[in-house]
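Next up: just one chain, as structure tokens, the form predicted alone.
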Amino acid sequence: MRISDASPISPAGARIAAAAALVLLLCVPLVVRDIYRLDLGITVLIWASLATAWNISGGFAGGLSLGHAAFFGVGAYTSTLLFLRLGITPWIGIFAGAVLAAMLGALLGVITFRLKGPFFVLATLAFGIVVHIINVNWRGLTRGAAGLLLPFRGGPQNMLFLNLWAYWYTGLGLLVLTVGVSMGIERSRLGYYLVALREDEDAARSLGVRVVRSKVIAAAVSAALAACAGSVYAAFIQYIDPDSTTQFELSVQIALVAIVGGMGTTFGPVLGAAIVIPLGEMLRARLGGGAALVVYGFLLMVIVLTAPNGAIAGVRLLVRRLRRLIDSRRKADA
């Protein structure tokens, strides 16, 4: 059973809440004028999309991947290189990166479908490290540690904007895409198959679930969406290098965001990004390098230990209690 099946909110109520949240997000650039806060908000949108992409394979299917930074980097470098070398707009490059990442994700899924637990984690970790090493050493293509700088040419047609609000809506569109795909998978037959595989793969296989096909599809879709996030990130930052796109720590952070929010749920990764990214930024601004990392790690440990099912479980508990309180008051008034 999905964690989301126990939600205290009815499907109609969930749709209304999602629509209201979308309207509020659309209005953010009209209200928030501070450049720093808007910049941080765009970063949260990209991370929420990236964690949602990871959640399709890591949450629904239960494959704890520590190599998703590789797909993020594939998307970032594909769209950037196509723009720099061939003049192809990132609006097209984002799809090229998604296709390439989907192929790599499917290949990884085929190779690792028999692996479970720590063996699967180590395999994805090795894959991510290999991609990072290639990224660093293939200087003729990626320029290695020097990175790639996107010159400001063209404007909106090349996903390069003068105003942050345009990047906000681009990031919001990316988030709507990833969450929409995640919701579609969760409510489809594939979603039920993935949850069955996560809970008991042998039992699912005995009931006729196509194990390899389901895992490969989940891996490919997850990789493609992560690559889309990488393309948007590259256009937003306008500079990419191996450390910012394919480093191991980035893969850990992606998984951490989803886990803190609530893996295996549709909106858990979004909530996780809204918690983890501003928290890390605030600590770096207040404490600086080393001290910030220590406090950051400690706070995340506390969050995970106090809410093992993710922050989304706490939100649902609060909603449930509020509904009980409202119902009790209605009965008292009657």
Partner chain sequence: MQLVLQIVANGLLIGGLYALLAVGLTLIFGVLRVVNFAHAEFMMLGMYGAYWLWSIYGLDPYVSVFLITPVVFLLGVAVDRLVVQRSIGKPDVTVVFATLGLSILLQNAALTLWRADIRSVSTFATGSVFVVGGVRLSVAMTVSFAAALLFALGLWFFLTRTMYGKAIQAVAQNRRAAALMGIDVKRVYLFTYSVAVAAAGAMGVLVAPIFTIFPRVGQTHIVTIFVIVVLGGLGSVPGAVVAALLVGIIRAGAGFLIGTAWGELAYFAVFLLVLIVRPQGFFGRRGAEVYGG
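Because the structure is a prediction, the values reported are computed rather than measured. Numbering follows the first chain given and starts at 1.
As for the form predicted together with the partner chain, it is not shown, yet the points below apply to it.
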| So which of 296-304, 45-53, 26-34, 269-277 is the stretch with heavy atoms within 4.5 Å of the partner chain in the predicted bound form? | 296-304
| task | Give a yes/no on whether Y77 approaches the partner chain to within 4.5 Å in the predicted bound form, heavy atoms considered. | result | no
| Exercise: L66 in contact with the partner chain in the predicted bound form, heavy atom 4.5 Å | yes
| Might R210 be said to contact the partner chain in the predicted bound form, defining contact as any heavy atom within 4.5 Å? | no
| query | Does F127 reach the partner chain in the predicted bound form, with heavy atoms at most 4.5 Å apart? | reply | yes
| message | Does the partner chain, in the predicted bound form, lie within 4.5 angstroms of each residue among D39, P151 and A166, using heavy atoms as the measure? | response | no
| query | Looking at I88, V252, V99, A145, which has any heavy atom no more than 4.5 Å from the partner chain in the predicted bound form? | reply | V252
| request: Select from the listed residues L84, L141, M103, L115 the one whose heavy atoms reach within 4.5 Å of the partner chain in the predicted bound form. | output: L115
| Residues within stretch 213-247 having a non-hydrogen atom within 4.5 Å of the partner chain in the predicted bound form | Q247
